[in-house]
Structure formats: structure tokens, C-alpha cells
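Just one chain is shown here, as C-alpha cells, and it is the form predicted on its own.
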């Protein structure tokens, strides 16, 4: 892995070309700064005011010098444009054999949907040495998918699709995944009680890309996802552990507390399951399995009284994941 002292690790096929352009511009700027300041200091010393020496006009211009300092930078600019456009086209045109992953940005989470229908929130498995295309959309406001280690960034705009592609060159480790950021200011946390926690506001809208071998990714597509590894050996119910994992990883805690007291921005989960809930418009409903399922898949169908101004996006969880969330909610009352 090549890495400059100024830049993040190079973990994609794009990174070396992007870094070369950056370092070339950096050293051209350093050389230009030294040359210009050096000449300026020389002129300040050479033509300084001295007692008994009168100022003498230096002439009316130098045509050859003016032509030189006009056309020499032009040659440099043409070269920079050519190299920059070459890298831009390379990053913009995806090859034919890409692995497609759909990405949805929402306040303040990233949702990844693989070709087998499995969804991951704020983390995604990525095959190494394989072109991967992200087909991206937003469910609310403008976001920006930014991966510094890959040297890629693309805006995610409501009402349209944008795409980018990359090819990871190295495997990641569980301790050091490749981090995704939102590079667009997409809103501040409402309430502010959990501002420092992951996926609770713009500054913490991050996701982890786990770069795995191609064979492991093929197995994942064939077999689908299940409970995370830390839940398979859980002393308590695996479903409860999985539900808590979904609550933490999917950004649910940004709006829903589990302490039984905090009621902002969304209803608290503790003491919710199995009890009657007052809805907007005066009706009420029992918060049973059917209600929780509908609230996850269709959040605007039955809105809790007092939360009509909250625009919760739909979460396309699988039945097993919804069951795990319900198991976790029920465990909060035990």
C-alpha cells in the first residue's frame, strides 16, 4: 500500500492517479512560490533606496518576457487539463462487468442493497479486485457519498439517481474498515441529546465498507445475510442481540430512545410494545407485531400523536430482521 504523508491510504485503482495529480500540483505550487518570493526578495534588495542614489527608469516593458510568462503557464494548464480529464473519464465510465449495489442516503444513515436483496445499514460487504458500481439515491435531502481511501465522491440527490464506481485493491480488517462519509451538509441533529453518537447527525453520518475476498462475497450473495457474528454466541436470545444491533447500526437511536423517558424526536421504545398508542387524528392502536412491522415499512401510515412533523423514511428490512427488532423492543420491558 503506497501512502503519502499528506494523504489517506491508497485502497482503490483510482488512488495512485489522483494522488499523482495532487502531488504534482503541490510541488509546482511550492516551486512557483519559492521562485516568485525569491525574485521579489532579490528586487527588494537590488533596488532598495540608498543615500545619494537617484531612481532610474527601467524601460517600457519587455515583449519577450511577457510572451514567455503568458505561454509557458498555458502549456502547463493544457497538460493539467488533459491529465485531469483523463482521470475524470476513467472514474465516470464504469466497465461492463461491475457488481451493482444500490445505495440510499437518508438522515443520517446509508442503506446498501445487494443483488440478492439483502440490505445492510451503515456497513456493506465489498469484493476485492472487482469493479463495483454504486447506484445511489436519497430519500430526503442532498447527501454526498465520500470515501477518502478510494478517492471518490459523488452527490446523492433526491428524485434522481447518481452513480460512481471503484475497484478496491486490498482487503480490510474488522478493526479497520474503509470509512464512508457524507461530504454535504445534510442537516443538524434534532434535539441534540445524542449528537456525539454514530449516525445521529450530519457529522456522524458514516458507514463502514468491509473489503472481503471474491469467494466470500459470492457466498454472501448465495446464502444471504444473518445475525452478526457477535450475536451468534450471545448468552441471551440471538434475536434480541440482533435487534439491538439493527437499532444501533441503522440509526434508530437518532430518533428513538430506549430509556423510557426521552420522547424526541420520535417515540421511546421502552414500554411501547403491547400498549395502546394514540395516533394523529384521534384514533388509537395497539403497538403489536403488525403495528411495528407497518411502522418500519410504512412509517407515515399510522403516525403517533405529537410526532406528525417527523418524516421517517421507510426501512426495507427482511422479515427476520423485523422479528429481531420486535424481540429487542419486547426485551426492553423485561
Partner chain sequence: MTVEAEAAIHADPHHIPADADYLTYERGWKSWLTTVDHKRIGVMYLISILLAFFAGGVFALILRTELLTPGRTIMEADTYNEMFTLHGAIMVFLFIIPSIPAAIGNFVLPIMLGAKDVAFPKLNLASLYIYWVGAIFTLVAITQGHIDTGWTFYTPYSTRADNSAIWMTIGVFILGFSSILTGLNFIATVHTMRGPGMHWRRLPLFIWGTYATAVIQVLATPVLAITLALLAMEKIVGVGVFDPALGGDPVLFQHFFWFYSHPAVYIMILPGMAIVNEVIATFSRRKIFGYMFIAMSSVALALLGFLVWGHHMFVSGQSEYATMVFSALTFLVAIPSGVKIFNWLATLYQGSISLESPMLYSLAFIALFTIGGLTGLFLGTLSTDIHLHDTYFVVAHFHYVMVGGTVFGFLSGLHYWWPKITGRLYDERWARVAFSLVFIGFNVTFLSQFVLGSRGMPRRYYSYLDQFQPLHMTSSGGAYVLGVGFLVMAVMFAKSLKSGEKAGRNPWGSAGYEWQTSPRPHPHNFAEQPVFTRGPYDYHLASERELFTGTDAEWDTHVAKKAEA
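In this text, rigid core is short for the largest set of C-alphas that superpose within 1.5 Å between two forms. Keep in mind it's a predicted model, so treat the numbers as computed, not measured. Residue numbers count along the first chain shown, from 1.
Same protein, other form: the form predicted in complex with its partner chain, not shown, and the subject of what follows.
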| 4.5 Å heavy atom contact, residue 311 to its partner chain in the predicted bound form | yes
| message | Since only the chain is shown here, I'm wondering whether residue 158 would be in contact with its partner chain in the predicted bound form (any heavy atom pair within 4.5 Å). | response | yes
| residue 181: touches its partner chain in the predicted bound form, heavy atom cutoff 4.5 angstroms | yes
| Heavy atom to heavy atom, is residue 221 within 4.5 Å of its partner chain in the predicted bound form? | no
| request: Tell me, out of 204, 249, 262, 169, which residue has a non-hydrogen atom within 4.5 angstroms of its partner chain in the predicted bound form. | output: 204
| request: Would you mind picking the one in 301, 40, 278, 297 that has a heavy atom within 4.5 Å of its partner chain in the predicted bound form? | output: 40
| Judged by heavy atoms and a 4.5 Å cut-off, are 258, 285 and 291 together in contact with its partner chain in the predicted bound form? | no
| message | Given a 4.5 Å cut-off on heavy atoms, tell me which of 89-97, 211-219, 249-257, 120-128 is the interface stretch with its partner chain in the predicted bound form. | response | 89-97
| said: With its partner chain taken in the predicted bound form, which residues across 9-48 come within 4.5 angstroms through any non-hydrogen atom? | reply: 18, 21, 22, 25, 26, 29, 32, 33, 36, 37, 39, 40, 43, 44, 47, 48
| Comparing between the shown form and the other one on the rigid core, is the C-alpha shift at residue 276 2 Å or larger? | no
| request: State yes or no: after fitting on the rigid core, is the Cα displacement of residue 28 between the shown form and the other one at least 2 Å? | output: no
